[in-house]
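Listed next as structure tokens is one chain, alone, in the form predicted alone.
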């Protein structure tokens, strides 16, 4: 028996149109799952491979998770759900998160929308005895001086993972999380595209390389599989040793 075979399973990856979410979505697809992804743009063709979006073989819907009403009104094209992966994320640089408007905007996407999506699909996950995976960040475990909203929201995501895991275990839903380190995506270009900053970052990573969306996907496949049947409420740090 192959515990990492997801044939016949339905997976939804919110934020699966690019970056980490896209890597996770494609990993589930290659393991046999039917995978639906949500992103902010109107249609799948609005994304390009150059920006790290590979949507072939995935079903796509537009969903603006910063709008709680949009999440509530979202009509999925599937009637069962085995795995829900929440990978949505926002960050504002240049001290934008020290303004209340920016702070609220980031917390809305990185924390409030996690709860809204979890509640939206709770009944479906309960029916399938499914798995919920919340993607946070290693920022939850240390200070990130220029980004108070990003930090507070990712720290909150780790707490939410623990709490929903305990609350929903009796429904048969396993809730766990992944905390990525520095992953090469369009969101981290502020570091990865700057040779000096990149060099400094790599010096702090014992494995001496950036993470990839595929590195994160390995942890997601494990957490959603029967191999992790007795694991709940945990956030696995996948960072190449960055925060050791």
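Not measured: the values here are computed from a predicted model. Residue numbers count along the first chain shown, from 1.
Missing here is the form predicted together with a small molecule; even so, the following discussion is about that form.
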Select, from the options 123 to 131, 73 to 81, 166 to 174, 86 to 94, the stretch whose residues sit within 4.5 angstroms of the small molecule in the model of the complex by heavy atom distance. 86 to 94
Would 63, 137 and 185 all count as contacting the small molecule in the model of the complex, using a 4.5 Å heavy atom cut-off? yes
Find out whether any non-hydrogen atom of residue 40 is located within 4.5 angstroms of the small molecule in the model of the complex, and reply yes or no. yes
4.5 Å heavy atom contact, residue 235 and the small molecule in the model of the complex: no
Under a 4.5 Å heavy atom criterion, is residue 181 part of the interface with the small molecule in the model of the complex? yes
Would you please decide whether residue 149 lies within 4.5 angstroms of the small molecule in the model of the complex, comparing each non-hydrogen atom pair? no
